[in-house]
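Next up is one chain by itself, shown in structure tokens, the form predicted alone.
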């Protein structure tokens, strides 16, 4: 066996998914004995068989992946409980294996995947998905780029045909629950650090906390970065529609129309709201020049 063949064989065996009991599989995909296969390139020692020696690496590989995702979704972990959460992540990673050198990307598909797997959340599926979406939005907001915001001169020159853009780090969420209450309850019991990705900082497992039980209520959030910290802000439906239309690259005239579709506000009230929306977005540096 050449060195390259050895490396490929070991990589294949080490990355093979664990059993439901988090142990190394004893039978390979082709029905062959894994123990016999491993014995061909791993020597036993006085305490462990070839299979047992490789099983250490197989389990640690998956435990590290599970831990990486757990660090990025602590509120979902707290909500489901460690046992159910670990089972969820193991199944998620089997269907969404790592395709990047960066552990930060492991959880990218978790919110959408969770939506199709209610067996892990039961009656709390919608809340669990909202919590996962919000936690991933925190990571995206921390990691994504920040561009120079529009200044007062830029804003004063805007026309109805002008097309703006939003900061790349800004995340817009329309949630079915006030999921931020669950997320913040967990983060309050974590070390005093900014909300960041596991690729940036290692987090210790927090003690069990009493989680709030928010009622179903349509909630609009902006998750954004300010001075290297991540924050969320609640916004109303009009602001959400306005910011969404800006992100879609619509001209300002259409942006304003979309913000008040199906709204009963009088023109004077709409004008006041529009001013509030743009002043708020400008103060926080959310608006940037369209890169196109």
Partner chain sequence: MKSTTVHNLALAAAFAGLLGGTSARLNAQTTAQNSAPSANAGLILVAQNQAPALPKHSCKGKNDCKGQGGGDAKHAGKNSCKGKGACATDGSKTPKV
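Numbering follows the first chain given and starts at 1. Fair warning: this is a prediction, and the values are worked out from it, not measured in the lab.
There is another form of the same protein, the form predicted together with the partner chain; it is not shown, and what comes next is about it.
Residues with any non-hydrogen atom within 4.5 angstroms of the partner chain in the predicted complex fall in just one of 110-118, 123-131, 148-156, 210-218: 148-156. In the predicted complex, residue 227 approaches the partner chain with a heavy atom inside 4.5 Å. Not displayed here, the partner chain is kept clear of residue 16 by more than 4.5 Å at the level of heavy atoms in the predicted complex. Mapping the unseen interface onto this chain, residue 88 falls outside it, with no heavy atom inside 4.5 Å of the partner chain in the predicted complex. Shown alone here, residue 92 lies farther than 4.5 Å from the partner chain in the predicted complex, counting heavy atoms only. Taking the partner chain as positioned in the predicted complex, the residues of 251-266 that bring a heavy atom within 4.5 Å of it are, in sequence order, 252, 253, 256, 257.
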